[in-house]
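Let's start with one chain on its own, the form predicted on its own, as structure tokens.
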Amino acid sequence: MATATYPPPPPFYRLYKDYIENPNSCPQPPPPIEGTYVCFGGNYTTDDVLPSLEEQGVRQLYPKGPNVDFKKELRSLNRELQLHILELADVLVERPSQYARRVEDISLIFKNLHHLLNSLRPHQARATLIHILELQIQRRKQAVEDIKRRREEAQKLLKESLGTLDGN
């Protein structure tokens, strides 16, 4: 019995046999997935929502609500993180068996910092997009100016050549 090195192609390739003559003969792609779906055994959703810290089972160290001063809270958590790291170093020197609580506190601070930074991602994406669009506008304006300048140079050369031809 002979075996093939590669398996045969899937049978749906036959759906595309007339594609060169008629590109509309092939089936339409499936619609985009909306809502929840399962991929490799994990449940995922197409909704891009940042889960709250409570939903993740983490205590929130900064005030709740829509009016959070991100700059102030990030600085506060950063100072608290520095303090806890110094305390961890002190505990490791004096009482090495009691380090676990300090490490948990540091982990909690890092999770809060991470959550605050992730809640700023949409703003960062919007600002980046605005910057990219502004650069594109600037490049297009520069290209238009360059075209106008070259058109004026070409018109000037044409006038000079017409003047030279009329003068002869």
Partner chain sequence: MDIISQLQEQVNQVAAIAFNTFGSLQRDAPPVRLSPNYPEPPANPTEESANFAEQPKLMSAALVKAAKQFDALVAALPLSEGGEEAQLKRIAELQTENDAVGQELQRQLEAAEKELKQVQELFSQAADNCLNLKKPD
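Positions refer to the first chain, counted from 1. Only a predicted model underlies this, so the values are computations on that prediction, with no experimental measurement involved.
Unshown form predicted together with the partner chain; subsequent notes refer to it.
Put simply, K156 is far from the partner chain in the predicted complex: not one heavy atom of it is within 4.5 Å. For E104, no non-hydrogen atom is located within 4.5 Å of the partner chain in the predicted complex, even though that partner is not displayed. Although the partner is absent from this view, L50 stays clear of the partner chain in the predicted complex, with no non-hydrogen atom inside 4.5 angstroms. In the predicted complex, the partner chain lies within 4.5 Å of some heavy atom of L120. Proximity to the partner chain in the predicted complex, taken as a non-hydrogen atom within 4.5 angstroms, holds for one residue of C26, A100, I130, I33, which is I130. Residues of 128-163 lying near the partner chain in the predicted complex, listed in sequence order, are L129, I130, L133, E134, Q136, I137, R140, K141, A143, V144, I147, K148, R151, Q155, L158, the criterion being any heavy atom within 4.5 Å.
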